[in-house]
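The chain that follows stands alone, in the form predicted alone, written as structure tokens.
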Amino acid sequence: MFEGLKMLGIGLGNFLTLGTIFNVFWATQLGIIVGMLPGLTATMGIALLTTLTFRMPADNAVLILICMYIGSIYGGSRSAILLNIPGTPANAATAVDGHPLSRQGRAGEAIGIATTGSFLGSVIGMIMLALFTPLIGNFALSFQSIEFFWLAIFGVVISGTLTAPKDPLKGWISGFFGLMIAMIGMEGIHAHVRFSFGNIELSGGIRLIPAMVGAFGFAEVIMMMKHQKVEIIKSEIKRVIPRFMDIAKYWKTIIRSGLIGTFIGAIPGVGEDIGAWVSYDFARRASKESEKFGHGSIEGLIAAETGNNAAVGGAIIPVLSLAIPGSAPAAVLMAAMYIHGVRPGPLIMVENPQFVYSVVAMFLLATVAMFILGLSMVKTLVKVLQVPRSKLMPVVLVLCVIGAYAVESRYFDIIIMVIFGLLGYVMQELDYPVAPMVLGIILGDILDKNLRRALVLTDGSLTPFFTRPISIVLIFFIILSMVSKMRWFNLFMGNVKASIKGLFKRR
């Protein structure tokens, strides 16, 4: 523990320079603006900003991207409160109580409470990040190729289950489609070209950044063409800094939402929006004022914002310890780490433990900057919401093209970006989640290499895949997550519960 505190102090000390502090504030402020503007997501912001950090040192680049991440997840609360339109999907739960408060003339109060909840959620997520990343990383050292194969399958399945609650089959199809896309190009062991159909460009595979920029960026540009212009609520913003008692009154909700958000964020591919909704639901069930939820509840607003920001820290835990992203923005962040020569995963605690605590220090700086900026310049920044989408979307389109091209300076990557943008648009129209597909592209390389490596080590035998203890646990959770969403299973469990209740009543 003391060694960890020492490395955290070293990491924090390395960032306490005027140039670094300036980078923290402008990147966090840019993140807040990106999050505020409907149609611009945290994933898009990180993906576009990644293309501008190639020539930066790794620590500075990752710091800027984490600031963008935290700022944009928080920034979406502004448009959720004032417009009833979440700036990012993570802020959908915020709008449920934030907008009614704005309608009541309490917009300033709602923004202040959302900012404080976001700050406290980030702090809880940061603490969990510092505590559990080393523990999970050390435990993951016992993983071998077989376990990483099943872990990749688990990540895709659980992502599909939770991002498509109405029809999980669509989520699973999206995830396994991403795994299929990852098989295109040269495989990682013998460099044999697969599924290129003679195309030289495809022999190099589908690059992650162009695919993500297209699926999350260009697709949103197309989607925004369908929506009409929205008008900002003319609510006078008065007091922004919340009273201490208004926050302290809900300390149990804050702690519970922070822990839930962190746990949900750590589940591969799930994301901050699920963390916010689950935290909100738990708060509503436990509240003595549940009737106020949906009509301007301060407790509901705090729960939603604490949950989604705590999920940011949770999403980075599996990135550093297992090299598996917990959310779509974390996936782009992980890709940026690879670009800058940082290789997250189980070996990071052996090869570069200082980097883990440097990330915690980055998280702390970004959280403080978000809190300061969130409580200042509110009236000025709200005017950003009045920017017409007709002027905003062309700028986003240009950034998508530049972002896709800048990675390797290939025109083919622009084509990939456009194709995945159209694909992402069609998937959204058909109610297929995009996040599992992107996660499948990321995990495809892990799945492919570890499957083939494991088959070499076992002389082609599949028996160890189903007999090793950790594999059995992962297989159990994979089957459980799939079966639990099937209608017949729910009917069966309902009958079992009814039978048990009937048995106890007879007694």
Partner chain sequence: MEILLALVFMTVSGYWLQQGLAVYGFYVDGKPGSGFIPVLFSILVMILSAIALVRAVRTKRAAPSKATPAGDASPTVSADIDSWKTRLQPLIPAAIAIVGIYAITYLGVVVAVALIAFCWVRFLSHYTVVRSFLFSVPIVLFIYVVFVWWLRVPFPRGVFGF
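Numbering follows the first chain given and starts at 1. Just so we're clear, the structure is a prediction, and the values are computed from it rather than from any experiment.
One more form of this protein should be noted, the form predicted in complex with its partner chain, which is absent from this view; the next part is about it.
Student: In the model of the complex, does residue 285 have a heavy atom within 4.5 Å of its partner chain?
Tutor: Outside the cut-off, so no.
Student: Using heavy atoms and a 4.5 Å limit, would one call residue 291 a contact residue for its partner chain in the model of the complex?
Tutor: Outside the cut-off, so no.
Student: When the contact criterion is heavy atoms within 4.5 Å, does residue 197 count as touching its partner chain in the model of the complex?
Tutor: Flag for residue 197 set to yes.
Student: So in the model of the complex, does residue 105 come within 4.5 Å of its partner chain, heavy atom to heavy atom?
Tutor: Residue 105: no contact with its partner chain in the model of the complex.
Student: For the three residues 55, 184 and 192, verify that every one has a non-hydrogen atom within 4.5 Å of its partner chain in the model of the complex; reply yes or no.
Tutor: Yes, the whole candidate spot contacts its partner chain.
Student: Sort through 340-348, 415-423, 132-140, 260-268 and report the only stretch with a non-hydrogen atom within 4.5 Å of its partner chain in the model of the complex.
Tutor: After filtering at 4.5 Å, what remains is 415-423.
Student: Please tell me which of 277, 371, 176, 154 lies within 4.5 Å of its partner chain in the model of the complex, judged by heavy atoms.
Tutor: For this set of options, the contacting one is 176.
Student: Within 4.5 Å, heavy atoms only, which of 401, 92, 375, 247 is in contact with its partner chain in the model of the complex?
Tutor: The option sitting close enough to the partner is 401.
Student: Check each residue of 429-443 against its partner chain in the model of the complex and list those with a heavy atom within 4.5 Å, in sequence order.
Tutor: If the 4.5 Å heavy-atom criterion is applied to its partner chain in the model of the complex, 429-443 yields 430, 432.
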